[in-house]
Structure formats: structure tokens, C-alpha cells
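Here are two versions of the same chain, shown separately as C-alpha cells and labelled structure 1 and structure 2.
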Structure 1
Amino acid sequence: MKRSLLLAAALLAGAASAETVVKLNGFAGADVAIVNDLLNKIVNPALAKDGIRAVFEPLQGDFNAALTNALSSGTAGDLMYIDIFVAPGFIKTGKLLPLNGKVSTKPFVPSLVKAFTDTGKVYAIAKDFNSLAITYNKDLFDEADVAYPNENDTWSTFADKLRKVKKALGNDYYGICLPADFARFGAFAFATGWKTFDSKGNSNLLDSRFKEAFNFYTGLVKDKTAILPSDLSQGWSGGCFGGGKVAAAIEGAWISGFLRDNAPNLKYGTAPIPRNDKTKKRGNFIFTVGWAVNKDSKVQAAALKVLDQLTSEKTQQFILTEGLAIPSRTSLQSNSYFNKTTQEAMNAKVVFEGASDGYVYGYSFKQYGGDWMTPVNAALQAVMSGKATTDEALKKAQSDLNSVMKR
């Protein structure tokens, strides 16, 4: 009896030691449930035959600070999220494994592969992506008897529609909710042909094209067609929109999941970002997070297999149908889901198309990261709150930005 028990224990111990555990670092919060769901339903069952088990270890608090700390001290997971926003900085650390020759990047959208490429080497595979679109409240447009925003809108026709809605519905309602944030405003600046960095790597906020977009965006707030999220006690424009007092918001596909949970009865449609009147082009951002492999990982081969599963068609189908984001695999972009007529599917389609229509840039600011945006956001806020004129605000922003870029 004793012998058989010992044998069983030895076998169990053997089985346990044969299992390779791959640790994944990602965001805390809502992502924990989503990733664990993915691991339990798709990734781990697929890797069970190889004796690999992926475990999600979210980093609490400020993710990028925690990841910087973990990578520098050698305690980071085998696989980790890398946001396009901070990717250049993390690539520069030399702690990410170049994936060339280890992972085929062909099945993925080229612009997303480019987002994580530095000097010819790919450092992460985009797990999914998002771009911006106009989400509008159908009931408010109907009540105001104004045509819905559509793909033919230019800045002026779009603003005109918003003003008409505001006029028809009165003081308690607003045409659109606009944050003082380059993450939204940037789409309009790009539509004019302006770029974040010129060929010499400088940023010119005093450029007439930047100023044109700046005046359009802040003008909507100044004439009370638009409202800042904070004025409605909200932290983001999706929150204002969900409250039903705002006719439109500029957000990505993530708004679908939010509205499904927080405003299930709100009828909404989605239109592309309007075109600039002069260039007739749209502008947009690509927001993406990739999976990167730790260069110092002791289970690199297993980590690469997990990466393969985390970016597989099956996983991305799950992400798409859950209304979380748009898949990064080109094959999934002709997915039948995009032809559905549900408001979530239609939103996903517009967001997907937004990534390749007009002047589209990754939500990334070289090694400056968020510091690049701080002066621009301050300028937007100053003008939107009536504390400064456009010229004053932009002059200060340019001077502050020069200091940031000099560091």
C-alpha cells in the first residue's frame, strides 16, 4: 500500500514538473477576467498536449511603471503586454526578444506589425487594435430631426449637424463630448496633413494646419456645441455619451462593451471621423497592444507557443465577438461578423475601416511617451475653458514641448 502511494506521488510529482508554466504580465482591472477566460477556454486546452500552462499575472497600479521595474529587476513574466504608446522606450531597453524568424508576421495587418518594428526587427505581435469613429445617439438625432452623421461628412457638415441637434434639444443637451486630449484631437490634426514629428524629428504646434484643427476642435466647445467630459462629471466621452445627454462621441470599439453594460437601451450608430474640408481626408489613430517575449525568459520556446495561441484566429474571433477590439489578423477582417447589422458589429466595421482610411498614425510619441502630449493637452484645456487664446496657448505648448524634447 505504502509503495503504491509513493509511486503515485512520484508520478504526480513527475507530471507536475513536466508542465512548463509560462507567466503572462498584463493590465489589471477588466482585462483579468477576459484574459483568464481566454486562457481557460482556448489557450491552455490547446497547449495541454505540449505540457504548457499559461498563467496570467496582472501588474497592479501603473502598468508601465510596474513593467519597467519588473524588467529591470529580472522579475518580469515570460510574455507581456507592450502598449504602442510606450513601445519605443521598452524596445530601447533591449529586454524584449526580437521575433524575426521565430514568429511569422505575415498573417497580421502590416501597419500593426510596423507599430512594433524598430530597425527591421519586430518586438511584439499586436493582439488586436482599435481606431476612432463617431458614435452617435440615434434617438437624439431623430428627436432633433437632424440627419445622422455619415461617411460623406466633412468637418463643416458634421459641426452643422451637431449645432442643429444642440439648438433643437436645448441647454441640457450637447452635440458632442470632447475631451481636452490629443488622443482624440490628434485625429483632426492629422486630417489636415500635419504630422506629429517632421522629417527632422521636431514637432511644430505653430503650423497653420495644426492651428486649423485646434480652432475647429476647441471652437465646438467655445460655442457650447460640445462639452468637456468633466463638465458632466465624467472621466471620458463614452461616459457622457452613455448618460444620454450628448448626441455624439469620438471613441473606439471599446465603447460597444461599455454601452452594452451601462446603457443597454441606448440606440446608437457609428460613422467614420469626418473629412477635413480642404484635404478631403480623414485622420485617425491606431491604438494597439502587443504581446512581447521577455529576452531573459527561461522558457522562451514555450512562451512563443503561448504567443502563437494568444494571437490565433480562434482567440481573435473571441475578442471580436465580445466587442472588445478588432483582430490584428488580416484573415479575420473579412469575417462574417463585420456584415452583421447589430450596432456592435457595425461599430466594429467602421472602427476597422478607420485604420486604413486617410492619414492614420499609431498612438505613439517616440521615446517621449506621454510627456509629448502633456503640453498639447494643457493648451486644449486652456482654450476650451476660456483661460487663453489659441495663439497664447499654442505658443506656451510649443515652448513646453521644446523643453520636453530637449531632456
Structure 2
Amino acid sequence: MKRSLLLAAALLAGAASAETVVKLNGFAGADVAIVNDLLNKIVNPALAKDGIRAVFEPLQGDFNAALTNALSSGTAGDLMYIDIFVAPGFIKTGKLLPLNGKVSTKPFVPSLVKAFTDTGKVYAIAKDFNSLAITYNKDLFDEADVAYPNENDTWSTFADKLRKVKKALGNDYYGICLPADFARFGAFAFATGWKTFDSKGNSNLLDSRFKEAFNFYTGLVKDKTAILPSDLSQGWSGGCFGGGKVAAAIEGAWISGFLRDNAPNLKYGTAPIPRNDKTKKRGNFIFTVGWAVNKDSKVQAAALKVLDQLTSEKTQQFILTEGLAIPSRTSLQSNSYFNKTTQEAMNAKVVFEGASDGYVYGYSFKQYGGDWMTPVNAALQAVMSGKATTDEALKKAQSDLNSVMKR
């Protein structure tokens, strides 16, 4: 009897030691429950036959700072989140494993693959993403007897609708809430064909196309069709929109969850970003976080299998139908969820399609990071608050940006 128990214990010990544990680093907060749910319901059951178990270890506080320290000290996980905004900096550390030849990128939205590509090498697979869309208040458009924004709108027709809403509803209401932020304005600059960086890596804020978008965006505030979030004591346009006094906002699918919790009775619709009148193109940003593999991982082969499961069609189907995020796989574009007529499903569909419609670029600014946007945002604020003309603001912004890019 005693010998049998010892044998059983030895077998159990052997089984435990044969298990390969893959550690994942990601955000703390709400992501902990979401990722653990994915691991328990889909990823780990699928990997059990290979003796692999994934464990989520969120990094507390400033995630990017914590990840930088962990990679430097050799304590980082085998897989980790990489935000597109900071991806160039992490790629330059040489700590991320190039995935070419190890992971097929064909199933994923091309613009998302491009977002994590540097000099031909792919360093992360987008786990999900967001783009921008027009969210509009149906009741306000109905009350003003103005047609809803739609996929055929150009800058001119869209602005005309906003102005009509404003005129019909009076001084307590606004057509749209616009922040002095390149993260929203940039979509309009891209629609003109302008790019953040030219082929030599320079940025030209004095380009006529940039100025055209700048004048359109700031002009809506100057003629009081639009209002800044801060003027309604809000920190972002979603909060502005949720108050019920603004007819439209430019946000990603994240606004759905906010409205569900904070303005559950607000009836809203979603339309694509309007096309530029000249180019007939839309512009948009890609906001995304990818899964990257630690180049120094001791269990790299197992980590790649976990990555495959974390970005599998089954996993992304779960994420989509749970309303957690927009999937990065092109095959899910025809998913039945997108055919639902709920506000959230219709919003998700427009955001999903926004990633592949027109001039779409990742929300990333090379090695300059957020410093790149600072002069542009200051110029937007100066003009929108009436403290500078467009020419004055852009001239100063170009000078300040040149200084940033020379550091």
C-alpha cells in the first residue's frame, strides 16, 4: 500500500514538473478578469494536451515603465502587451522576438500587422483594436429635424448637419465636441493625403493639406458649432457627449461601454468619419495593443503556442460576442455579431470597418512618442481658444516640433 502511494506521488510530481508555465504580462485593472477568463475557458484547455499552462501576471502602476524595468532586469514574462503608441521604443531595445516565419500574419487586418512592423520584421500580433467613428445622438438630430450622419457624408455635408442641429436647438446645445488633440484631429489631416512623417522622416505642419484639415477642425469651434470638452467641464469628448447637450463625438468603440454605464437611456448611432471633399477619402487612426514574445524567454516555443491561442479565431469570437473589444482577424468581419441591430454591435461594426477604409495609420510617432503631438495640440488649443491665427499657431508648432525631433 505504502509503495503504491509513493509511486502515485512520484507520477504526480513527474506530471507537474513536465508542465511548461508561460507567464503573461499585461495591464492591471479590468484586464485581469478578462484575461483570466480567456485563459480558463479557452487558452489553457486548448494547450493542456501540450503540457502548457499560461499564467497572467499583470504589472501594477505605470505599465510601460514597469515593463521596461522588467525587461532590463530579466524578470519580464514570456509574453507581454505592447501598446502601438510605445512599440517603436520597445522594438529598439532588442528584447522583442521577431515573429516572421514563426507566426502567420495573413489572418489579421493588414493595417494592424503594419502597426507592429519595423524594417520588415513583425514584433507583435494585435489582440484587438479600435479606430475612430462618429457617434451621434439620435434624439437631438430628430428634435432638430436633421438627417443622421451617414457613410456618404463629406466634411461639408457633415459640418452642414452639425450647424443645422446647433441652429435648431439653440445656445445650450452644440453640434459636436472636439478636443484640441491630434488623436482626433489627425484623422482629418490623414484624409487629405498628408502623412505624419515623409519619406525622410520629417514632419511638415505647414503643408497645405495639413492646413486645410486644421482650418476645418478648428473652424467648427470658432463658429461655435463645436465645443471643447473642457468648456463643459469634461475631460474627453465621450463625457461631453454623454451629457446629452452635444449631438456628436469622435470616439472609438470604447464609448459604448461608457454610455452603457453612464448614459443608459441615450439613443445613439454610429457613422464613419466623413470623407474629405477633395480626395473623397476618409482618414483614421488605429489604436491597438499586441502580444509580443520576450526574446530572452526560456520557453519560447511554448510562448508561441500561447500566442497562437490568445489570437485564435475562437478567442477573438469570444471577445467579440462578449462585447469586450474589436477582433483583429479579418475573417470575423462577417461575424453575425456585426449584423445585430443593437447600438453597441452597430458601433463595433463601423469601428471594425474603419481600420480598412481610406488613409489609416497607427497611433504611433516613432521614437518621439507623445512629445511629437505636444506642439500640434498647443496649436489647436491656441486657435480654438482664439489666442492665435492658424498661420501664427502652425508656424510656432513647426518650430517647436523641429526642436523636439532634433533631440
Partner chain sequence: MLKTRTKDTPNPSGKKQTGKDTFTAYLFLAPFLLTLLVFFFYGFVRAVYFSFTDYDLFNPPKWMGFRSYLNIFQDDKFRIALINTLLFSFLTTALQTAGALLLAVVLNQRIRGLMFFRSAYYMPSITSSVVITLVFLWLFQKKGIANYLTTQFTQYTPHILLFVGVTVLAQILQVLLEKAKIRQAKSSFQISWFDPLLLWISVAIGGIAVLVASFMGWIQPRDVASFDFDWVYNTDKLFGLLPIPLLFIILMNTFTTIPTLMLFFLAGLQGISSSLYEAAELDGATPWQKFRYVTVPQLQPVTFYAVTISLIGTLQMFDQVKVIGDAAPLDSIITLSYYIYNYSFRGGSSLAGMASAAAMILAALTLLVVLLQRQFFKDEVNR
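Numbers given to residues start at 1 and step along the sequence of structure 1. Given the structure is predicted, the values throughout are model-derived calculations rather than measurements. Take the two forms, find the largest set of C-alpha atoms that superpose within 1.5 Å, and that set is the rigid core.
Taken from the form predicted in complex with the partner chain is structure 1; the remaining one is not.
Interdomain rotation between structures 1 and 2 (smaller rigid part relative to larger, C-alpha based, rounded to whole degrees) is 14°.
Per-residue C-alpha deviation between structures 1 and 2, core superposed: Ile34, 3.7 Å. Core superposition places the Cα of Gln309 4.1 Å apart between structures 1 and 2.
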